[in-house]
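Okay, here we've got a single chain as structure tokens, the form predicted on its own, with questions on binding and movement later.
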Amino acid sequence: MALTTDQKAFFEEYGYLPYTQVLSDEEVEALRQRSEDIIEGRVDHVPSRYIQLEAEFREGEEPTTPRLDTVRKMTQLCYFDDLFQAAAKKPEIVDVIEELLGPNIKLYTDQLMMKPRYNGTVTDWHQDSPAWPFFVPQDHVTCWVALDDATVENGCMTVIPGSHKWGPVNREYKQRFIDDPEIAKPTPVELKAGHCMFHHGLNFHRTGANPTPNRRRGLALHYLHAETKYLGIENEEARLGTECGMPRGQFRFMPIRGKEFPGRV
């Protein structure tokens, strides 16, 4: 078993779980290097549309800041890059996902949050699942893997334990929810590079700014039950292209383990 009884109970009660090392030092270094190669343009297999700059660098002028310190995040890397895809399929991660979601697993998407030194900004309190209302049920699980040591000082993940039990919270009422002392007891989760945490899609979480001289990269891998029903999205033909060589309909629904089901993700 990947999880002890106590670990599984902790996740069910609090909606998150700090975990152990899932990537070797060599794998971490390889992913760091690959991310830098993509950003610096030394490789070109990831479309630029999946590379997002920090807000202050989006005006179109050539920044004097080093390119690596301007990128906020990259997405869909697992669909274009072999190293990131291999990370998403690692048994050390997927065995835990199976215990939390069941035997039939797909990957929806991934996000490499760069949190660049000096420029890494705050990601405010949010739940992941309400951002993807076209999935039912809303009970996916994210594995967040640190590629650098994540500390309070450089913007590590902070969670609200147990917040997943309250269901989706409308954005209009989010602050009222966050300010309720009976509910919100923010807890930072510091991680060493190569270690990870798991969190429920309805768990409220945030990350702080990174004013330090140290990078704080974190890879978020978002997993779903293969039985999840997909209700479709507006302009699907434009948004779900075949640029990664996969048949339409498989892009963003990568089989990871177990069975697939007609009419589901």
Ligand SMILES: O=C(O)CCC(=O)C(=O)O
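What you see is a predicted model; the values in this text were computed from it and never measured. One-based numbering along the sequence shown.
Omitted here: the form predicted together with the ligand. The next part is about that form.
Undergrad: Please identify the residue among 105, 113, 191, 88 with any heavy atom within 4.5 Å of the ligand in the predicted bound form.
TA: That would be 113.
Undergrad: Which residue among 151, 75, 187, 123 has a heavy atom within 4.5 angstroms of the ligand in the predicted bound form?
TA: By the 4.5 Å criterion, the partner-contacting residue is 123.
Undergrad: How about residue 142: is it within 4.5 Å of the ligand in the predicted bound form, going by heavy atoms?
TA: Because a heavy atom of residue 142 falls inside 4.5 Å of the ligand in the predicted bound form, the answer is yes.
Undergrad: Given that the partner is absent here, does residue 220 sit within 4.5 Å of the ligand in the predicted bound form, heavy atoms only?
TA: Residue 220: contacts the ligand in the predicted bound form.
Undergrad: Give a yes/no on whether residue 205 approaches the ligand to within 4.5 Å in the predicted bound form, heavy atoms considered.
TA: Yes, contact at 4.5 Å.
Undergrad: Hey, in the predicted bound form, does residue 81 get a heavy atom within 4.5 angstroms of the ligand?
TA: Heavy-atom contact with the ligand at 4.5 Å: absent for residue 81.
Undergrad: At 4.5 angstroms, heavy atoms only, are 128, 157 and 216 all close to the ligand in the predicted bound form?
TA: All of them do, each having a heavy atom within 4.5 Å of the partner.
Undergrad: At 4.5 Å between heavy atoms, only one of the stretches 25-33, 41-49, 205-213, 224-232 reaches the ligand in the predicted bound form; which one is it?
TA: Partner-contacting stretch among the options: 205-213.
Undergrad: Along 29-56, which positions have a non-hydrogen atom within 4.5 Å of the ligand in the predicted bound form?
TA: Result: empty, none.
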